[in-house]
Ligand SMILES: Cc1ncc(COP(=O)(O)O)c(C=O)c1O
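This document starts with one chain, in the form predicted alone, laid out as structure tokens.
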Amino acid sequence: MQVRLFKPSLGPEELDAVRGAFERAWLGLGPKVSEFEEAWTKYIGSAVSMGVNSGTAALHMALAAWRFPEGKKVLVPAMTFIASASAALYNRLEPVFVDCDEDTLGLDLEDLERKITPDCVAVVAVHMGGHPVPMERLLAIARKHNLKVVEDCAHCAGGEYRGRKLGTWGDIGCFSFEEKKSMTTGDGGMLVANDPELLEPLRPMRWVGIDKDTWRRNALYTDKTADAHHWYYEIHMVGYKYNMNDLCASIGLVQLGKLDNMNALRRSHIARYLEGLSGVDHLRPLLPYDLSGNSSYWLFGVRSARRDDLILQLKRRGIATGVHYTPLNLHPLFAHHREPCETARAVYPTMITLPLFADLTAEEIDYVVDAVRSFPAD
């Protein structure tokens, strides 16, 4: 048996949605992007949403919203994907790496407070694997030190914490709809905010700095009441080609309708994994999976003192695995960062990501469980 690590859950509905975009012959930034933004706003419970072409773009623009002075510092988890820190670099800001909590792999809030200096202006809160950062505690720290809060929700689309959707706790929430994520648009992302004034100035930034995108100009092209300057636009800022397009948005609208069910399926798969692996004393779950309520977990994994040997055994059985993630301050790009993140350094060599996706079958889960259970303790 061959078992993939991740796999998007797609069907004829997505094909029909894409066909509709073809039939309308409007594939770029257009009406479906606006429709998706409105649907996401209603679903997530924010005041406003803005679709972009990746979660990385969302993070970049989120930190751009406040126009922080060059050289200011952003607190970023050591245990996360590169985009969380790249967003600071793109804005000419300096990332400061915060250690992870030993159990949740999310921000260690005590280490966070130790590393706050007067130059720190923001914190990126990553809900690692879908496990929520305790946002009420983080927000109290942020208010105390006048920090802006960006929620990186790449792993938890649709997830809730204390009855409130993740992404709506901080100042700006950022989502990824990349192929492997909780829901997909192929590639894509979304920003949300409870204050519309935070996102509205970013709309020209996602469209190469132009103050009026082509869809907004389109209706005027043949409007008999418009003057000859319907084509006119102005550029007031340096912008980026970060817009979402109607092909992606068409898929996203269908995926959004499936998101709650896909999250429920992943919860069910994790419960089967946990039951199957119970009693294996030399392994422990990667995260403290809380499957009650409307949690949204994107990763399932285990921790093993013999990680590499276990990976090789699973590879021989045709089971794909991964490691999420190498702590960022161990990468050559950040060799000059000397912030101690000892927990991340210690936990990282034990971490293994196992297959998890909505369409994973019980047979596949049991096959993986059998392969893991047959791995000797030493």
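When you see a residue number, it is the position in the sequence shown, counting from 1. Note that the coordinates shown come from a computational prediction; the quantities given were computed from them, not determined experimentally.
Beyond the structure shown, there is the form predicted together with the named molecule, which is absent from this document and is the topic of what follows.
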Counting heavy atoms only and using a 4.5 Å cut-off, do Ser182, Asn263 and Leu360 all touch the named molecule in the model of the complex? no
Looking at heavy atoms inside 4.5 Å, which stretch does the named molecule contact in the model of the complex, given the options 76 to 84, 98 to 106, 253 to 261, 272 to 280? 76 to 84
Is there a non-hydrogen atom of Tyr348 within 4.5 angstroms of a non-hydrogen atom of the named molecule in the model of the complex? no
If you check in the model of the complex, is Ala154 within 4.5 Å of the named molecule, heavy atoms only? yes
Is there a heavy atom of Glu178 no more than 4.5 Å from a heavy atom of the named molecule in the model of the complex? yes
So in the model of the complex, does Thr56 come within 4.5 Å of the named molecule, heavy atom to heavy atom? yes
Which one, Val126, Leu166, Leu191, Ala122, lies within 4.5 Å of the named molecule in the model of the complex by heavy atoms? Val126
